[in-house]
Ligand SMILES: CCC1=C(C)/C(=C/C2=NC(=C\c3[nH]c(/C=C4\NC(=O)[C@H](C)[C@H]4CC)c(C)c3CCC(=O)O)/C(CCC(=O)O)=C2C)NC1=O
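Take a look at this single chain, the form predicted alone, given in structure tokens.
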């Protein structure tokens, strides 16, 4: 698992280059948002179950067919599995926020998820929408916590949603 710093070093090392102005600017941006990233992760940690519950409720309100007979969240077991998966996405999004890098998402979430959803014939659209809803909730809670500089919050959620949406699962 890499973070923004090790990813940048690796990129420059592979090409045999010294850090240029762009690299220094990227490092500065990462460190300038470091405290806000940690604070955002703390907000997520303190409210994770409520975030997942609220996002699940919003998703099922928007797409009630998911919890009707034949839907992917129909039955208590499937409903619980859906919320469990949303919790995974949220947890790994918090890791990626702190790391300032999406590598952990590829490594720990997206690869295995594709295979699992393929084997279970799970529709990816509601998953993507659930991730987007969680992003909206997290942004609101982080703002309410007084963390004004939170532009970095979009990155892990948008990355997961984009990667999943681009794949034919």
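Everything numeric in this text was worked out from a predicted model, so none of it was measured. Residue numbers count along the first chain shown, from 1.
Just so it is clear, the following notes concern the form predicted in complex with this ligand, a form of the same protein that is not shown.
Partner contacts here mean any heavy atom within 4.5 Å of this ligand in the predicted bound form, and among 136-144, 39-47, 25-33, 103-111 they occur only in 103-111. Using a 4.5 angstroms heavy atom cutoff to this ligand in the predicted bound form, all of 81, 92 and 122 count as contacting.
Proximity of residue 118 to this ligand in the predicted bound form: non-hydrogen atoms within 4.5 Å are absent; the residue sits far from the partner. Not displayed here, this ligand is kept clear of residue 96 by more than 4.5 Å at the level of heavy atoms in the predicted bound form.
Remark: residue 52 does not count among the residues lining this ligand in the predicted bound form, judged by a heavy atom distance of 4.5 Å or less.
Along 51-88, residues 59, 66, 72, 73, 77, 78, 81, 82, 84, 85, 86, 88 each place a heavy atom within 4.5 Å of this ligand in the predicted bound form.
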